[in-house]
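One chain follows as structure tokens, the form predicted alone.
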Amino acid sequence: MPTTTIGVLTAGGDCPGLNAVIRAVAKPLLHEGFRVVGIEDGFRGLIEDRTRPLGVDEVSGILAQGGTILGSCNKSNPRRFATGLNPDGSPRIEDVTGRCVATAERHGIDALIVIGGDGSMSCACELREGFAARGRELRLVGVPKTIDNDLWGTEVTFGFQTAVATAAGALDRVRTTAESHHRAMVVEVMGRNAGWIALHAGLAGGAEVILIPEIPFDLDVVARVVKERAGRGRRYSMIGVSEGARPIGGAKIVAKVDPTSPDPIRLGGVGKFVADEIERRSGVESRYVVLGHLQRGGTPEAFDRVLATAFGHHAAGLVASGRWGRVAVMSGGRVTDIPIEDTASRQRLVPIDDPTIAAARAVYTSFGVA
């Protein structure tokens, strides 16, 4: 059966460049005669039958717009969806794939373009299995999205460069108050289990210490860097820390657990922990800043607009040629594609021998280890 109606959804956390992808996917497909349907709030729109047609007018003028015109949601895996509470107060988790099948049939949706990260790709693969169990085929094409730059199989994801620019800019601004008050300033950035944002923003922002999940740190070493700088008359220090960083022999700091989410662990708090320990161990007054969702918002950088457009264009080409079950990726500096299963529930971490780590060490940046 020929594919004629394509559903497009943006799943997981928001990210600069999402609208650029929607634009780059929809325009060529509309030109080829496909009907394009926007699904609101990620997979939740499939579950709750919330869709809207996307025409040329709807996707024009959104290239530089932050966020996503379709909305997003990171708590809507159809195979494990919270539909209410059990008698004991715990969330009632159900498989609501049948609702998604009904929505797709009601609107004639033949295939889905899923714009998301590793969790979203995993949800898409599980949903495809759920459709198959009900005798229905779900055709998929993926576009990699995450500010964390941790999607397996692609060298870079759109949104990452904008997040890095935001974090590096924050380090620049915090540095002046650190100098004025002779403090150690700790800036906590996002990244989950991968240190890409902290590494690149820390290097761009001239941080004296960068702490990433891939290299467990020694608090005494971090404090010694700060104290030695103070002893040389450099009476301030900048420390960039990824939310997933942890001390040697210690655990990552968990801010909360959300049992209704497919990814229930919410990291956070390591910035305060490191700042408190620096002050206690070095005697240098310390403060911390948590950037949080500032890194997700705002206008995408030019690099991310171009990359998002290239990914969207490639995804549209996969649909037009009927190459299903693929996700657009960057490999060897060129946009290509790999099986969507390869990206599901896998994370691309910072290799210990990454050239950026070597470059940082060459300019005397510490990673909190002797």
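Numbering starts at 1 and runs along the sequence shown. Just so it is clear, the structure is predicted and the values come from calculations on it, not from any experiment.
Below, we refer to the form predicted together with 6-O-phosphono-beta-D-fructofuranose (F6P), which is not included among the displayed structures.
K.L.:
Exactly one stretch in 187-195, 164-172, 92-100, 208-216 has heavy atoms within 4.5 Å of 6-O-phosphono-beta-D-fructofuranose (F6P) in the predicted complex; which is it?
P.N.:
That would be 187-195.
K.L.:
Between R281, R287, R296, R80, only one gets a heavy atom within 4.5 angstroms of 6-O-phosphono-beta-D-fructofuranose (F6P) in the predicted complex; which residue is that?
P.N.:
Selected residue: R296.
K.L.:
Can you work out which of A124, V143, I147, L199 has a heavy atom no more than 4.5 Å from 6-O-phosphono-beta-D-fructofuranose (F6P) in the predicted complex?
P.N.:
Flagged contact: I147.
K.L.:
When you measure heavy atoms, are T154, R323 and D337 every one within 4.5 angstroms of 6-O-phosphono-beta-D-fructofuranose (F6P) in the predicted complex?
P.N.:
No, none of the three is in contact.
K.L.:
Tell me, yes or no, whether N74 is in contact with 6-O-phosphono-beta-D-fructofuranose (F6P) in the predicted complex, where a contact means a heavy atom of each within 4.5 Å.
P.N.:
N74: yes, in contact with 6-O-phosphono-beta-D-fructofuranose (F6P) in the predicted complex.
K.L.:
Evaluate R136 for contact with 6-O-phosphono-beta-D-fructofuranose (F6P) in the predicted complex, applying a 4.5 angstroms cut-off between non-hydrogen atoms, and reply yes or no.
P.N.:
Although 6-O-phosphono-beta-D-fructofuranose (F6P) is absent here, R136 would stay clear of it in the predicted complex, with no heavy atoms inside 4.5 Å.
K.L.:
Is it the case that R234, even though its partner is missing from this view, gets within 4.5 Å of 6-O-phosphono-beta-D-fructofuranose (F6P) in the predicted complex, heavy atoms only?
P.N.:
No - in the predicted complex, heavy atoms of R234 and 6-O-phosphono-beta-D-fructofuranose (F6P) never come within 4.5 Å of each other.
K.L.:
Does any part of H182 reach within 4.5 Å of 6-O-phosphono-beta-D-fructofuranose (F6P) in the predicted complex? Heavy atoms only, please.
P.N.:
Because no heavy atom of H182 falls inside 4.5 Å of 6-O-phosphono-beta-D-fructofuranose (F6P) in the predicted complex, the answer is no.
K.L.:
Counting only heavy atoms, which residues in 238-252 are within 4.5 Å of 6-O-phosphono-beta-D-fructofuranose (F6P) in the predicted complex?
P.N.:
Just E243.
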